[in-house]
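A lone chain, given as structure tokens: the form predicted on its own.
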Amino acid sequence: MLHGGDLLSYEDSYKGELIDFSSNINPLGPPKGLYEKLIESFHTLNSYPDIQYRKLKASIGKYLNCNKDNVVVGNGAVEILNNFIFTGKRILVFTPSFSEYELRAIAHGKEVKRIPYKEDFTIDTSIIKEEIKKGDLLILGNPNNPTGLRIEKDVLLQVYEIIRKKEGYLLLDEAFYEFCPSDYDSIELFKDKDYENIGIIRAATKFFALPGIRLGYGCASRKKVEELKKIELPWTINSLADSAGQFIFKDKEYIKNSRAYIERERKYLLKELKKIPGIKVYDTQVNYILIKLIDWDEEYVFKFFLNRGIIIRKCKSFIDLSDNHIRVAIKDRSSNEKLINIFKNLFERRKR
């Protein structure tokens, strides 16, 4: 299981509706009015989208508070990630992290250098200073998947200065940015540098609950944007995704309510899960939680939950995580309560 959200593989394993805790999507669903907006946009399907995506980039630039000329867009964050990787000489990744960093690098024939996180899943900047070379691309999840931790502001600035001095490039994967506490915004943080030696990727997938739309976006220097244009495929964003991107970022109330909802459920779920023996629950700043299983392996626990109507994320596929780790999403209260009760049942069965 390289990715979550694969319900079709298990639809015959449970008689009833499966609850997907393997995919980290906003439980509130997309912004109100989007479905109606998409229906209104059906007439655009009989012509090509704007190949330069001018209105879409203007909408994203306004949302990110950056110049539209700094905006990059793609068919999901992974496409943008893929294009950045194509421009790097060597790819550096911290582990454990999103598998596509390394998979995309391998697909392009790039040398990959793995660097392990510290035991608490934070970054050792001294290793970056030792390893980074001119032309290297360092990819960091911010917050990271599957650990759920964001890079501290001072650490991020240290990493960035190392990258600049060594003439490398820093790529931040911020697909889960909106779920985080509002302590700093990396797009604001590097604006006065005109994003020299740094790119920032975000997506409509998680926070705006639109995995099927496939809309990724981000920010980079004008120079980097022009470099990426040379390798981008034309029309990778369809007309409906273009329309969605011109609509969803305007709903400030949705953004505010979603952040408050996830924060409340995150606190609740962390508190309740930490009461259950037999598991180690890691703190998180986003809408998913990494859990270490003390007395079981991931396969046993996966089947235990599947038999009770819940899909969780097995984590053995993440490099440097063993087969006794799982990841669960943060969902609505009713689903979260069901998850907690199954964990309790798991522990009770162990005692027998």
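Predicted, not measured: the structure shown is a model, and the values here were computed from it. Throughout, we count residues from 1 along the sequence that is shown.
There is also a form predicted in complex with another copy of the chain; it is not shown, and the following applies to it.
> At 4.5 Å between heavy atoms, only one of the stretches 47-55, 314-322, 61-69, 300-308 reaches another copy of the chain in the predicted bound form; which one is it?
This holds for exactly one stretch, 47-55.
> Check for me: heavy atom within 4.5 Å of another copy of the chain in the predicted bound form, for each of 43, 100 and 232, yes or no.
Every listed residue reaches another copy of the chain in the predicted bound form, so yes.
> Is residue 75 close to another copy of the chain in the predicted bound form, meaning a heavy atom pair under 4.5 Å apart or at it?
Contact check for residue 75: yes, within 4.5 Å of another copy of the chain in the predicted bound form.
> With the partner left out of view, is residue 142 within 4.5 angstroms of another copy of the chain in the predicted bound form by any non-hydrogen atom?
So residue 142 does not count as contacting another copy of the chain.
> In the predicted bound form, does residue 9 come within 4.5 Å of another copy of the chain, counting heavy atoms only?
Within the cut-off, so yes.
> With the partner left out here, check for me: in the predicted bound form, does some heavy atom of residue 25 sit within 4.5 Å of another copy of the chain?
Yes, contact at 4.5 Å.
> Exactly one of 150, 104, 266, 224 has a non-hydrogen atom within 4.5 Å of another copy of the chain in the predicted bound form; which residue is it?
Exactly one listed residue reaches within 4.5 Å, namely 104.
> What is the one choice in 122, 87, 125, 236 with a heavy atom within 4.5 Å of another copy of the chain in the predicted bound form?
Spelling it out, the residue with a heavy atom inside the cut-off is 236.
> Which of the residues spanning 189-214 lie within 4.5 Å of another copy of the chain in the predicted bound form, based on heavy atoms?
In sequence order, 205, 206, 209, 210, 211, 212, 213, 214 come within 4.5 Å of the partner.
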